[in-house]
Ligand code: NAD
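Here you get one chain, nothing else, as structure tokens; it is the form predicted on its own.
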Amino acid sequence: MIIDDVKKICVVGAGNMGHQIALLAAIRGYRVGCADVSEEQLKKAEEFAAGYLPGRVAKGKLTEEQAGQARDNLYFTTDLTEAAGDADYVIEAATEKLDLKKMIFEDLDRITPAHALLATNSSFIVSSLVAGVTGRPEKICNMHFFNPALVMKCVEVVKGPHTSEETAELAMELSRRLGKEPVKLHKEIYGFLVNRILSAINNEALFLLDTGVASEKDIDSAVVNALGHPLGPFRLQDLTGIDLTYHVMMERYRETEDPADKPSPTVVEKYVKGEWGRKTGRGFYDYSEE
């Protein structure tokens, strides 16, 4: 398959990452089916698209015609077969839980056409861990977008030992056609490029907070004003979701059984309380009045 053969894209998962990837692909001219088991999540995704597109028109970023075409290109459904049955390319953007992803890829292998390529948007779980449940491991790779997917330019394409060169190159070209600047990893490594660097910063920031060295506010201030980062580590975790931080670290701990890989006490406490960041109105900071 070549890039021009990709006409229909399926996105699995209508959460913050999934619905933005789906909307991005629709704006770029692809037919897109976005599937999720949660009707509530799908409703939120539809409401986001309904507000985002007119906003882009008002700012002069899209014409009325372009916005209308993008909306016509996109639909949301709880039926995975409806979304993926005629897809040429699938991007899975479900929760960072390996068992869930394996189940989804097993279903996708059964549902999608034989030529379809299957990518996971996972930020940590390498595609070799899900490729084995399918009959097309050479057509599977990581294609990791960054939050917010409509804005951030980087996409990490990871070529696993099972991934064909054709699959990796097509993922790179699709990323470019979606307006991104992809980077290619020639082999799998936990955390890929960006999150390995980011995790080192986050883990140290959490250690400093957990041990009472400094507050969230002061750690964030130091990182922004001394290192030049646009957001400090705690503001960033509030944006991406503390629940995501928790699930990623727990998956790593289950894999390694190394106590050093356990989530920090503060992350565990906030996860249990449901203080997951902006999405819940409170995380390391209070957003309830926004």
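Residue indices: 1-based, along the sequence shown. In this text, all values refer to a predicted model and were calculated from it rather than measured experimentally.
In what follows, reference is made to the form predicted together with nicotinamide-adenine-dinucleotide, a form of this protein that is not presented.
- In the predicted complex, nicotinamide-adenine-dinucleotide stays beyond 4.5 Å of every heavy atom belonging to residue 127.
- In the predicted complex, residue 116 stays away from nicotinamide-adenine-dinucleotide, with no heavy atom inside 4.5 Å.
- Taking the partner from the other structure, nicotinamide-adenine-dinucleotide in the predicted complex has no heavy atom within 4.5 Å of any heavy atom of residue 226.
- Although the partner is absent here, residue 203 lies well away from nicotinamide-adenine-dinucleotide in the predicted complex, with no heavy atom inside 4.5 Å.
- Here is the short version: of 109, 96, 216, 88, the single residue with a heavy atom within 4.5 Å of nicotinamide-adenine-dinucleotide in the predicted complex is 96.
- Of the residues given (133, 100, 154, 150), 100 alone sits with a heavy atom within 4.5 Å of nicotinamide-adenine-dinucleotide in the predicted complex.
- The stretch among 22 to 30, 47 to 55, 218 to 226, 239 to 247 whose residues place heavy atoms within 4.5 Å of nicotinamide-adenine-dinucleotide in the predicted complex is 239 to 247.
- Contacts between 22 to 39 and nicotinamide-adenine-dinucleotide, taken as any heavy atom within 4.5 Å in the predicted complex, involve 35, 36, 37, 38.
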